[in-house]
Ligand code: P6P
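One chain comes next, on its own, written out as structure tokens in the form predicted on its own.
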Amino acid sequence: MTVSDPVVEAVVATLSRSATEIRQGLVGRRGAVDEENPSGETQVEADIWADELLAERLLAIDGISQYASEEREAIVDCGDTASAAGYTVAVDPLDGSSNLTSNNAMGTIVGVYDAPLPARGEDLVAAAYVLYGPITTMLLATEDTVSEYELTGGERRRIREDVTLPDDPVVYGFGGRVPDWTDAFTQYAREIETELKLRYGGAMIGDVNQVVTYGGIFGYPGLESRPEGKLRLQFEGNPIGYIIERAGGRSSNGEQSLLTVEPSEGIHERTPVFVGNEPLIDRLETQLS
């Protein structure tokens, strides 16, 4: 299956082809380098390698004018097209790369915006995440539908279409150190843990995919020591919020949809992130208000 928009299809095809290489290329690139990304997190060799691979390939697509990554400070403009109309891409090359040490799941996130970066989530025209689990899969959301693919040999095979969150939620996963949670969020979490099963693996993509599969809620709240949260709006919050909302769920920063947040602090702006079934997000916003 191809996507109707040729530029978006080119991005999806490039991501599909590159995912197999990224997964294979993780071998031998687990070590930390003596550098931090712009968010102050320790980088591993695989972070830098995956970023360089995706930047080269995505910027080569006709119709892509900007590339931004969690792993680099500045937005990269695509030659003379930087000021012209064109889609822009924001990428988390290896979400959860700290899981390389323990050989647990991780992923890649790509958001395609119809606006210069940084942009609102409402400017997204497509978003996808690749999950490097026992099987390499991709969940793709466009203006038309949400589909799941299996990726192998550089090709993609659709295994589910019109993906929606199950009506009866089963799982939850909340990030951040519990002693650092706010009192309001702690109260909400204590209610949820009596209703749902804990599923938290330290890579947002793996945890979000549990919510897509079984229904429930994932959240990384604002903390007492970091009210702005940990996750980045452009690379993580917006694309994941777009996917979940297209799949019939809701996203929130605790007050409003992530897709309606106006970026004000540059490309690496952080935000609390909550995604899941609508009733659970509604209850969360009520609790935090």
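Start at 1 and count along the sequence shown; that's the residue number. In this text the structure is predicted, and so the values were computed from the model without any measurement.
This next part talks about the form predicted together with the ligand, which is not shown.
This chain is displayed alone, yet in the predicted complex one of 185, 149, 113, 218 has a heavy atom within 4.5 Å of the ligand; that residue is 218. Checking 230, 246, 29, 57 against the ligand in the predicted complex, a heavy atom within 4.5 Å turns up for just one residue: 230.
Proximity of residue 133 to the ligand in the predicted complex falls outside the 4.5 Å heavy atom cutoff. Taking the partner from the other structure, the ligand in the predicted complex has a heavy atom within 4.5 Å of a heavy atom of residue 202. A residue is said to contact a partner when one of its heavy atoms sits within 4.5 Å of a partner heavy atom; residue 71 fails this definition for the ligand in the predicted complex, lying far away. Contact annotation for residue 169: none of its heavy atoms lies within 4.5 Å of the ligand in the predicted complex. Only one of 94-102, 187-195, 151-159, 136-144 lies within 4.5 Å of the ligand in the predicted complex by heavy atoms, and it is 94-102.
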